[in-house]
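What follows is one chain in structure tokens, specifically the form predicted alone.
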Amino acid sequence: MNIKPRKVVIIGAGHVGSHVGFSLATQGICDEIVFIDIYEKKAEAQTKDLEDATVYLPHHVNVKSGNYSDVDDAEIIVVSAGPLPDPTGGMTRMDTLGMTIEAIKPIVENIKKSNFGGILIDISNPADVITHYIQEKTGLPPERVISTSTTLDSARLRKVLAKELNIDQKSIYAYAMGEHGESQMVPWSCASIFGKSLYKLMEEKPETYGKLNLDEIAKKAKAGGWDVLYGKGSTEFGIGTSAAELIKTIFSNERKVSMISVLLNGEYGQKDVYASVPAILGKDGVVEVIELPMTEEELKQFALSCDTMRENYKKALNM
């Protein structure tokens, strides 16, 4: 019997990539982790540091620094390359597009030359546009090219709501959709607390739920990443765990509904654009996009966010 190890290649061994690797190792999600970075010494150093940690972890995992020959037999590639936005200058994620494209071009070319046949998860910002670019340029099937996108934004949204209501965040279902960035929106009409509509609870309990300022909550959740970036210079733990959650879902074929950026083909009235939506994720990638019953106004907000990504994707193709 030939048992194939679960192998993840992480391209970009900086703050984000290294924390994805650490989350995978500590949770025992995969058997082999390979770091690839343009700065080979950084990849080697991250490897050694993570190897040191594995001595005291309950799960065995092989960690190494490698090259693009390692992607041939990998089940999953994580792309986490490119610059961080400079929040002190008012820069947004979308403003890093040109610099990220330059970092992504050689990665795309190397993947095209490989025999990779697995699933690619992009974290590089602007996440939705870069994921679309990677899918187009590599020619990989769109159901196997996704982004973490608002996986983390949705977690932040639930965290803010949980603190406001003093309810465990795992009992809250609310989603940030569209862009992993400034144009993201929240379909509040679809939010619920353990199955009961949030809007209904706001009507029934005006003294508690009714006092929620939904616009302010959405704003706080969207600003969550910037708060971390301002404070420590990068986001690490949240995105590392978010990516690991998606990888676990794929390896376990959980068919879990995840908030990921996928190529839309008519869903929500949108085509030819990557945007974050709830989708069933399994061992072969995206199984199905879930269409939430959003209001007309919410659909307009989502469409505006998609227009932002579509416009910037056209720019990316000319860079």
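Source: prediction; values computed, not measured. In case it trips you up, residue 1 is the first one in the sequence shown, and so on.
Same protein, other form: the form predicted in complex with a small molecule, not shown, and the subject of what follows.
Site annotation in the predicted complex: the residue of K283, K256, K42, K64 reaching within 4.5 Å of the small molecule with a heavy atom is K42. S234 is the sole member of S171, T208, S189, S234 with a non-hydrogen atom within 4.5 Å of the small molecule in the predicted complex. Only one segment in the set 211 to 219, 113 to 121, 189 to 197, 74 to 82 has any non-hydrogen atom within 4.5 angstroms of the small molecule in the predicted complex, and it is 74 to 82. In the predicted complex, M177 stays away from the small molecule, with no heavy atom inside 4.5 Å. When the small molecule is considered in the predicted complex, C306 lies well away from it, no heavy atom lying within 4.5 Å.
At the 4.5 Å threshold, heavy atoms of H15 reach the small molecule in the predicted complex. In the predicted complex, at least one heavy atom of I239 sits within 4.5 Å of a heavy atom of the small molecule. Contact with the small molecule in the predicted complex holds for all three of A103, T148 and L152, each having a heavy atom within 4.5 Å.
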